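As a starting point, one isolated chain is supplied in structure tokens, in the form predicted on its own.
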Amino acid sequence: MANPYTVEKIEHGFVGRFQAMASPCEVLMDMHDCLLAQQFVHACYTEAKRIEQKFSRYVHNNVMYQLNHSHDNGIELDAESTLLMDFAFTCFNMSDGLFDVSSGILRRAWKFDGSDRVPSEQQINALLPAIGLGKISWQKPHLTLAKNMELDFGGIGKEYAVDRCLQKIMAKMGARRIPVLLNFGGDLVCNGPRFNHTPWQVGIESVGGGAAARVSLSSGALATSGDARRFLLKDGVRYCHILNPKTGHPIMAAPRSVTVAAASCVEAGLLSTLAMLQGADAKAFLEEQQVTHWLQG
């Protein structure tokens, strides 16, 4: 069986690569111990795949499958699932219901494949009654999902995995300080500057290809939300894949891409998505939050 990840020697260290959560994943390590680099990448890969297997809606008989097939029957969540469910409600409340992990069923109507197939109002309206975290009974760790509803942690799962993988690597370091940067499909986090105290140099991908900006990162995380790859285009109108769960329609007039810097990848991902959900007010929202950010389009 082929090794699911690779570890390659590069200038000043090693880079590990693997695929997880439909994204290319990289582990950059400023170090010269090949065996330890292998251990770091193995720990990162194992944790990323664990989270993917546990929370992906594409996997049968995992936590999400059991939850989404428990209609009207209460289910007791484990500690990790409870943590994510609590965070989902925090996102829902902070966004006045716009960040809603129950809105994933809108994918039944919207297929963001670059085509011009916009669903009918009838298709969209048929799904709206099954959306809204306010319809769920949540007395942690006990959750009761209303009939026909589904939950999807896809909007928070990758950022959570990035932070968790760094924690796993840090645990293996012990008292040592080894510079590491994780990059999962453009969502990334580092544990500090490189060995020579210089920042990591990372690029923000342009919506047109190439690099839109180069960022010096000495701590914390970056996360990006946007419609560069998932959209519809009809009659000259571009439909973003980020949907308003209250209307079932795409958020219009939003930037093509929002990148936010924050202490953790989860925090950066939340803020970048919340900004996209503001549409034309994305810039004003980010300035109000007083976070470092980059907008495109």
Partner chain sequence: MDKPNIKTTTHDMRTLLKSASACLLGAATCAQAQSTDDAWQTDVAVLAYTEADRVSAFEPAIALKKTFDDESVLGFKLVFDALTGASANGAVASDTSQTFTRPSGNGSYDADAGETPLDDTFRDTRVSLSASYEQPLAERLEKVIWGGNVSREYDFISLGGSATFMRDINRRNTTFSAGFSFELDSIKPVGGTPIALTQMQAAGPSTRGGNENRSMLEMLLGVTQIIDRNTLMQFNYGLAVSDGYHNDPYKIVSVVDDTTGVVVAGESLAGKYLYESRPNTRTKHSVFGKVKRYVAGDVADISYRYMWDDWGVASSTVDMHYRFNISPSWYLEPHVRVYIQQAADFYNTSITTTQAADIVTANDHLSADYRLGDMDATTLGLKLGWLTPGGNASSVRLELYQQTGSASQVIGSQSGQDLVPDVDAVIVQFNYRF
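Predicted model, so just to flag it, every value in this text is computed and none were measured. Numbering follows the first chain given and starts at 1.
Separately, the form predicted in complex with the partner chain exists; it is not shown, and the next lines address it.
For a residue to qualify, one of its non-hydrogen atoms must sit within 4.5 Å of the partner chain in the predicted bound form; none of Met21, Gln53 and Asp72 qualifies. Checking Ser216, Asn125, Thr90, Ser115 against the partner chain in the predicted bound form, a heavy atom within 4.5 Å turns up for just one residue: Thr90. A heavy atom within 4.5 Å of the partner chain in the predicted bound form is found for one listed residue only; from Gln167, Asn148, Ser137, Gln201, this is Gln167. At the 4.5 Å threshold, heavy atoms of His32 reach the partner chain in the predicted bound form. Although the partner is absent here, Leu84 sits close enough that one of its heavy atoms falls within 4.5 Å of the partner chain in the predicted bound form. The closest heavy atom approach of Leu274 to the partner chain in the predicted bound form falls within 4.5 Å. Remark: Val266 counts among the residues lining the partner chain in the predicted bound form, judged by a heavy atom distance of 4.5 Å or less. The partner is not shown here, but in the predicted bound form the stretch 236 to 260 reaches within 4.5 angstroms of the partner chain through a heavy atom at Asn244, Thr247, His249, Pro250, Ile251, Met252.
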